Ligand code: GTP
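Okay, so here's just one chain, in structure tokens, the form predicted alone.
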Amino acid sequence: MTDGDADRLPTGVRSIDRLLGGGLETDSVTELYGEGGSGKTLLCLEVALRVAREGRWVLYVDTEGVSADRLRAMAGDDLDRLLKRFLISTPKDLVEQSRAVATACALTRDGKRPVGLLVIDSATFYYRLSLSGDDEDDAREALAIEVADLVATSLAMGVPALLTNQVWRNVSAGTLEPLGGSFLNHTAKTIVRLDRLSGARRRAVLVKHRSRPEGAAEFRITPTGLDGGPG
């Protein structure tokens, strides 16, 4: 399979799917980064609920706490049924996060469940807490191992991995940059930056892709999810 022939998993947000050439590539890791409130978690949930509706499993590592009210608003009356296709882990530190990611990858590879999506939201929440501390090197190694496991699992099983990343402000350049360093940016084959615009408007900027040109697409946050406009 060439880069241009990779299968896609639609996100269900039309403008973003057009930007990505049909959706998430199923043999690699996609990284979403942006400031708080830019829509990273909501996009993860949009894709996850879509996968669950198709009868496949979602393995979701949640380090920041998904809003139950938001999830119910997006899923509606189907929430209880759809959650039966979710395996959600809520690690309390980086050690538990590494264990949760390893378990999710192992469950995907064993093939006993039809897994359709791996989500790590946020991959760098606990990593950020370790920066400038005595355990920074250990945290960097742990994150590298997690991402390498996700890459290998996605490539072997054809299951997309979607991870969100926090940002830091580059004062000299006046930009928001993703955490995790060059390793994370290298291993993620698709990188999308989410920007906050006015009101409910948001912008997805395609920073990196194997076969698509750089570009941008707008969407809106609504009470029931994300709206990417008409098809």
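A quick note: this is a predicted structure, and the numbers were derived from the prediction, not measured. Heads up: residue numbers just count along the shown sequence, starting at 1.
Below: the form predicted together with guanosine-5'-triphosphate, not depicted.
Across the options 46-54, 28-36, 184-192, 171-179, residues that bring heavy atoms within 4.5 Å of guanosine-5'-triphosphate in the model of the complex belong to 28-36. Contact with guanosine-5'-triphosphate in the model of the complex, defined as a heavy atom within 4.5 Å, is made by all three of Thr41, Glu64 and Arg70. Looking at Arg203, you'd find every heavy atom of it more than 4.5 angstroms from guanosine-5'-triphosphate in the model of the complex. Within 4.5 Å of some heavy atom of guanosine-5'-triphosphate in the model of the complex lies at least one heavy atom of Ile221.
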